[in-house]
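So this first bit is one chain, no partners, the form predicted alone, shown in structure tokens.
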Amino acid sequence: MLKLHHIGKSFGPVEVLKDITLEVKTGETLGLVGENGAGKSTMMNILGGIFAPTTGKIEFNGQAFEPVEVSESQQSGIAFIHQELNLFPNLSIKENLFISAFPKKQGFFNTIIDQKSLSSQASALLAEVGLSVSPSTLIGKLTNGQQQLVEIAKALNGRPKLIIFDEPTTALSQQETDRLLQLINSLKEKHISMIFISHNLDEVKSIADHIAVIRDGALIRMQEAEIYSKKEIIRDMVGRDLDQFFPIRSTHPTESVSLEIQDLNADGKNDLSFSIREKEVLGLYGLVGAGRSEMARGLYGMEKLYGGQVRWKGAQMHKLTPQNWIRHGVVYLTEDRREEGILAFKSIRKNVQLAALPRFIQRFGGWLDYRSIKREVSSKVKATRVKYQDLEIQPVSELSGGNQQKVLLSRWLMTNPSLLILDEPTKGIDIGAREEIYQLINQLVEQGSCVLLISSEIEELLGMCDRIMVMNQGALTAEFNRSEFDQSAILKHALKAAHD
């Protein structure tokens, strides 16, 4: 179905893709993996008609393929399911499905939308993806998983020959992810070819026929999925073996309590009480909807609290606002970096310096000391290993997801934090960047900071934490010290009803 012959792509002197040759057969799923910035997106943008290759040729469905715009790629039979869904939340499902070409009929004086045909065709598409909701439902009322299925239905409306999935499960629950993977398997039976891009290697191995690894713009290896081990994939992705994926920390929590919370009520029903000690990594686990993020956001002053007392370093906190917490050395890394974290079209320096600007106001005149700002921003970006071209002019939107996350971590390092609240810090991040973030967390803890690590990945919490708390339906259901860690027991308590 698809053949790439010696594809190369350069932006000026920067060579982004280097002599890529691979193929995808009819009805086959190719798993495409690589670190953030490896060149995966550039390769997909070439297929989508956004960029033209600098060298090489493409064959699609047996013919030469040279798309010069997105519509040409779509008309040829290539559909994209992006990580950021292209849906209008204020419109209905059926309106989103046919927004580029509504079924029409002749009215009394002019051509009008054929509402009956619109509803029936939309219902048929929803049935194809197994979504049992009314086509008149507003997109904004659907879950992330349901919206993902609508996006796939929208793609199927064009009868594609190849569908490219770019990190489709990042915002989904496990149940929604399982359902999506089942749907992808069913599309194979319709002889639709697929490219599945993901940082979740378990998902890739379960869904792909072949796996291709891209590193630094080059195809390192393409192998049958069933004989390509995770260890080999990781080695090919990062260029080395990761024998110690979760780095060992040399320090242990002290007896000194940094943060103490009593009867914190974030949902109007449950009171939460816990503490975090100096040099401790406290994990918070729960399924989607357990209330972890709501609790953290309420604590940080980003959402309403119904009650509770908070003490920081022994002193009562009377005003819970982000500004006040930052002054006390407490920072919050949001789960949604695109909407609430980065300033996408501002430079890397402006993003990193944002929270620490008050530190650089000169005593006389009130001017900002830009020389010191630039020096410290450069130092923090180097510490987090951000890959960039120009701190001053390059917008953060041009960076990969992993490097965007490192920019946010650099921002908080500028404040010399004593406590970091990290909400899903490695979501959508590649293996190599994850390891670097884990190392950075350990370094901060060894220097005296403490961390509240919120994660949906049990393995991540088991590898990084000194203690793990489990939440379900807004309540704490269990707590485990490191010597008591048991994956099945943690999952059991995460599934346990709050009233049991």
Partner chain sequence: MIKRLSPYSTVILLVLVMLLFSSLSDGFLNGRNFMNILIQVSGLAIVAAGMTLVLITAGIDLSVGSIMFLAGVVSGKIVVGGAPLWLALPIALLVGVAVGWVNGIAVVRFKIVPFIVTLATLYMGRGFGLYISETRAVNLPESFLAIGTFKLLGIPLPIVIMVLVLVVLHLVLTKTTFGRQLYAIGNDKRKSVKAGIPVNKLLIKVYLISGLCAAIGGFVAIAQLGAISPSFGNQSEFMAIAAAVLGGTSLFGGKGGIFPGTFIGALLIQTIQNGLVIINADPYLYPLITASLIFVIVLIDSREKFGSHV
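Bear in mind the structure is a predicted one, so any value in this text is a computation, not a measurement. Positions refer to the first chain, counted from 1.
Separately, the form predicted in complex with its partner chain exists; it is not shown, and the next lines address it.
Under a 4.5 angstroms non-hydrogen atom cutoff, its partner chain in the model of the complex lacks I81 among its neighbouring residues. Within 4.5 Å of some heavy atom of its partner chain in the model of the complex lies at least one heavy atom of R338.
Using a 4.5 angstroms threshold between heavy atoms, F102 counts as touching its partner chain in the model of the complex. The closest non-hydrogen atom of G130 lies beyond 4.5 Å of its partner chain in the model of the complex. Comment: its partner chain is not present in this chain, but in the model of the complex one of S250, N90, Q106, Q362 has a heavy atom within 4.5 Å of it, namely N90. With the partner omitted from this view, the residue of L85, I207, L287, L201 that lies near its partner chain in the model of the complex is L85 [heavy atom within 4.5 Å]. Judged by heavy atoms within 4.5 Å of its partner chain in the model of the complex, the contact stretch among the candidates 215 to 223, 274 to 282, 108 to 116, 255 to 263 is 108 to 116.
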